[in-house]
Every structure is written in C-alpha cells, then in structure tokens.
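For reference, the chain that follows is the form predicted alone, supplied as structure tokens.
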C-alpha cells in the first residue's frame, strides 16, 4: 500500500460542531435558524459551530437558495460539500469483500466486489488491502483525499477497541482488525458490526431519517438487528445490543451455532431454512436459492418451512417492539428474496405477539444490495471523522 500523508482532522471537534454537521448532512441544506431549531442550540452557538466548518470547506453557503423569512433579512442555507473528502467502506462476508468509495455525503462514487479464497485474517486482509489500493487509485481522479476507512463485519465487534471478538461466518475470534487494517491501508480505520453500520446509513440517509427511535432487522445468512434509541445507534455495555438472532423463539428447537436451541437464527437464517427444507422434503438442496426455487414450485413441505421462518421473524420483531417501542422496524437483507413466501406470517405473528400500542410500530421492507452495507461501513468512517 502506498504511503499516505498525515491524517487530516475535522476542524472543530466539539459536540456542537459535530451535531451541526450531521444535522446539515442528513437534513440540509438548512439555514442557521433551521439548524438551531433542529438541534436545540442557540443561534450564537450555531454561528460559532458553522464558522470553522465553512472556513475549512466542509460546509458551503447555498447562496442561490436564499430563504426569505416572514420577518428579518433573507438567510442563505448551508449544505455539506460532498466533494470535500472521500471515504472507503468495506463489507466483509464469508465469500467476498464489497468495497465502495463514497464522498462526504456518503454517495457511492465507485463500487467493487472481489472474491475471497480463504477466511483466515491474513488472507482477508491481503484481499482487503488490494481492494483499498484499487479504490485509492480511483480516488485520485476526484482530486481530494480519502480521510477514512470503515470495515463492516458480521458478529460480535468491539468498535471502541477495533476488535472482532467473534465472527461465525469468518470463524474469527479476537482479531484486532482495526490495527491490522490501519497498518495495511495507511488510513484511520473504524470497524463495526455490519448491521450497526447499515443502521448508521439508514439513520443518516435512508428510511430512518428524522426518526428518534427505530430498528433495522436483517434476514439472510444471519439474523441481525440495529437499534436507534433517542437518536443514537446503541451497542450496549458489551457491544451486542440487538442480537435478536439469538433470542429463543422455538422451545427446544433446532440447535444454534451459539450453543443454545431454538434461536431465531437457527430457524430463519438462510442456512437453517436450507437444511430444514432438505430434511422435510427429502430433496437435496445445496443452498438458499435451490430451497427458494423448490418452494416457489409449490412444494408444500418447503413452503411450510418458510412459513415457520416467517412466524419466528414476526415474533422476533415483536420482541424488539415490546422492549424498545420503536416508531419503525425496517426489514432488510438478502433473505428478503423469499419475502413473498413469509410476509403474511411475519405480519400475523408480529400482530399477535406485540403488546398493546407496540403493535402500532410500522414494519416496512427495504431490500438493499451489499453495496449499501459497504456504504454503511463508509458512514461509520465519516461518523468517526466528525466525532459522532
């Protein structure tokens, strides 16, 4: 990896500056008065926070969009200059790495996918370093610096320590990924759980914009959940908040890789569904695509497996609604390819298990390719850069 120049720092590492920047990033362009109203800061505090961001080019005056209030002088909105900086995001799966180059507004400028030939940390890091090098070369054409790298990995990830404590799909334990990646890439590195990273992107740019409390539930290779409570993505005291994949939903159900039985992931993940379809039908199915095709051809046994998975997912979502009372639950992940086979069961099980007003929680689906998960990784790098 070519050497990089000293890391650029955000010009105003104060809570107010970070709050103003992220508010303008997600809701802008905004006048200073609108920014004050949204953040609860005083006009003087907003002006003080905005000044260094303007001077450093992270915010720009949108002079062509003057707002004329009922009283007082016209006000020029400010917006984030997306072209001011670039960031790299990587989503690591068990089979490939998906990489994106984004601007400061987290818009994807370049996307790449590369296969993995092995899952050992050094093998993955070698592929990741090559991919980052390729994206850095692409970045040269934009004429601005890459200021951070985000890496999203499934499993138990300690973001503060930069360590992957356990990733079942990679078979990793206690891998100091941030330090290793920083040494290889020459960039500041943020490592986070992949679903939490996706949740950051949804909070800032997706179906969670403007919501104080919501959840992202992902179905596919695993079952994950990202939580936003009072406007903050939460990971809990030990970094595993939202692990609904390991909430028991079927008493004395199938064994889970975590050592328990009847976990949501042991019933509704792609691997669990594939294995169960093979058992029930007696038809050899190699993967989730073959299981789905069998169910779509009308096989009653296969369809029953998907129905059971939908019921389990609905109960899992109801658990989230009962505990946290979110305004919205967003369902995403590659498992949504089978949504037509279990949508009714998810809805019915959620309605039956949600207590009282928790049933008012909106449940919506949002199919997203893995490039969006990599974008979430880039969003965590932006988040770290601005001190949020």
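Owing to the predicted nature of the structure, the values given are computational and were not obtained by experimental measurement. Numbering follows the first chain given and starts at 1. What we label the rigid core is the largest C-alpha set whose atoms superpose within 1.5 Å from one form to the other.
The next section is about a form of this same protein that is not shown, the form predicted together with a further copy of the same chain.
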item: Stretch from 27-35, 48-56, 339-347, 321-329 whose residues place a heavy atom within 4.5 Å of a further copy of the same chain in the model of the complex; value: 321-329
item: Candidate from 177, 80, 187, 244 lying within 4.5 Å of a further copy of the same chain in the model of the complex - any heavy atom; value: 244
item: 210, 236, 255, 115 - the one with a heavy atom within 4.5 Å of a further copy of the same chain in the model of the complex; value: 236
item: Contact test in the model of the complex: residue 248 vs a further copy of the same chain, heavy atoms, 4.5 Å; value: yes
item: 4.5 Å heavy atom contact, residue 240 to a further copy of the same chain in the model of the complex; value: yes
item: Interface membership of residue 158, a further copy of the same chain in the model of the complex, 4.5 Å heavy atom rule; value: no
item: Residue 229 within 4.5 Å of a further copy of the same chain in the model of the complex, heavy atoms; value: yes
item: Rigid core superposition, residue 243 Cα moves 2 angstroms or more between the shown form and the other one; value: yes
item: C-alpha of residue 132 off by 2 Å or more between the shown form and the other one on rigid core; value: no
item: Core-aligned CA displacement of residue 349 at least 2 Å between the shown form and the other one; value: yes
